[in-house]
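Considered here are two forms of the same protein chain, supplied as structure tokens in two stand-alone entries, structure 1 and structure 2.
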Structure 1
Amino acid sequence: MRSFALLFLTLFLFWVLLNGSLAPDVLVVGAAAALIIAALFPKALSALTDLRPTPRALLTAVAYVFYFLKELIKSNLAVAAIVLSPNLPVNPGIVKVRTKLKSQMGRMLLANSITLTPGTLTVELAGEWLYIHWVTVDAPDIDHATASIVAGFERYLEVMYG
């Protein structure tokens, strides 16, 4: 029931923002569509699923967005430098890392964040283990790779989702 309501709310909010209008017909159509989709996919995840409803979690979510954007820009510049350098200094490989996160949504956001920052790409997820393709492997063992790929994002996601 909780996940149904959250999915409905997320979809409905998205619809209203996309329309940019609060006219009754728009609201009715949006509510109907959101209701049908939420009923069809009762187990679907929404960004609100598992989010802890505490002020600290919400503040952390905001901080996370900024941290994420910073990482995005930093790693985009790093990849740009690799692509532009004539001898293409890549050192690719697939490494294994471990996450402390327990909730599904937390793990999904972690995998997505890792994939979004260039240079690292989540290939496979198995429970608490993530297999990451890394353009420049500088530490193949689990502990070091975990520290340099996962730890930064995890610090925020742990507070938000646990």
Structure 2
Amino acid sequence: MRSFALLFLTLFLFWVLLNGSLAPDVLVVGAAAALIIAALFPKALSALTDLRPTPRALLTAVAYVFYFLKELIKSNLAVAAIVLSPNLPVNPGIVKVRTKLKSQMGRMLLANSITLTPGTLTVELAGEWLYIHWVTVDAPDIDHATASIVAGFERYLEVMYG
């Protein structure tokens, strides 16, 4: 019931924000649409249902977005420098990294955050292990790769999901 209510409220909030109106007819249509979608897809918002409902976790979620954007810009610039370099300094490879995250949703967000950052691609997620294709492998050992790729994202996701 909690996930249904959270999905309904999230959908309804987006409806209101996208319409930019609090007119009764807009609210009724939005509530009806949100109710139908929430009834048809009750587990569609599991990313938020697993989120710890503490003020610290919610503030960390906001900080995570800014951290992700910073890493996105940084990695875009690094990949652009590699592509524009005449000698194309790449050392591609697949590295194995470990995550401390216990939550399935936290692990999925970690894998997706890594994949969305240019220069890295999560190939497989198996339990505590992630296999990542890395354009410039600095060191193939697990500890170094984990510190380079995973640790920054994980710091936030641990607070949010455990």
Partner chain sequence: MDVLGGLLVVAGAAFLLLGGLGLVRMPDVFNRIQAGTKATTLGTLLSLAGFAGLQPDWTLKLFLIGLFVLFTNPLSSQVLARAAHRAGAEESPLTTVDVLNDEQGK
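Quick caveat, the model's predicted, so the values are computed rather than measured. Take the two forms, find the largest set of C-alpha atoms that superpose within 1.5 Å, and that set is the rigid core. Here, residue number means position along structure 1's sequence, counting from 1.
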Worksheet, complete the sentence: Form predicted in complex with the partner chain: structure 1
Discussion item. For Ser148, does the CA position differ by 2 Å or more between structures 1 and 2 when the superposition is done on the rigid core?
Written reply: no
Practice prompt. Quote the shift of the Cα of Leu11 between structures 1 and 2 to one decimal place in Å, the two forms being superposed on the rigid core.
Written response: 4.8
